[in-house]
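Consider the single chain below, provided in structure tokens and representing the form predicted on its own.
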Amino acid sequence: MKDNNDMPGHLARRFQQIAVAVFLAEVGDVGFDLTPVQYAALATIKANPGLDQVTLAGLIAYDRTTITGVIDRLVQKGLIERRASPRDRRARELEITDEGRRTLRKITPAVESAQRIMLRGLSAKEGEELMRLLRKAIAAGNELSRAPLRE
């Protein structure tokens, strides 16, 4: 059996732990209580006004059955609103609120700082190479995920 540090799954899980810890610390330092998934959802809703929950789940590669909890928390925080779709009564459209826009403006520097901290042990060129390789590996395995990215 290989050492854990020779297994990509173990390293991916460790990097995810680090990424979440850094994100929460940076965002918390500027006074916000937002998880990485909530941030991804909020930013995606802002970029795609009126999208539905299923589409949102696909765009951020999040499980369709658990996206409701993310949406519920964003609604409770006053960052987004859910509205009945005029095209499909069963669907709910998502819209960012003014508070959601303000939050994104204020939180963006902390999110950008978190990304830099995550890569701080790498040179700029190494960071670009890591990002390229991560994108390549994720694209190759996208359909193996329980929540594949849908563009």
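Everything numeric here is computed off the predicted structure, so don't read it as measured data. All residue numbers refer to positions in the sequence shown, first residue = 1.
As for the form predicted in complex with the DNA, it is not shown, yet the points below apply to it.
Though the partner is left out of this view, residue 37 does reach within 4.5 Å of the DNA in the predicted complex, counting heavy atoms only. When the DNA is considered in the predicted complex, residue 70 lines it closely, a heavy atom lying within 4.5 Å. The DNA is not shown here, and in the predicted complex it never comes within 4.5 Å of any heavy atom of residue 26. When the DNA is considered in the predicted complex, residue 66 lines it closely, a heavy atom lying within 4.5 Å. With the partner omitted here, the residue from 44, 97, 113, 53 that has a non-hydrogen atom within 4.5 angstroms of the DNA in the predicted complex is 53. Taken together, the three residues 4, 59 and 136 all stay farther than 4.5 Å from the DNA in the predicted complex, as judged by their closest heavy atom. Contacts between stretch 13-30 and the DNA, counted in the predicted complex as any heavy atom lying within 4.5 Å, involve 13, 16, 17, listed in sequence order.
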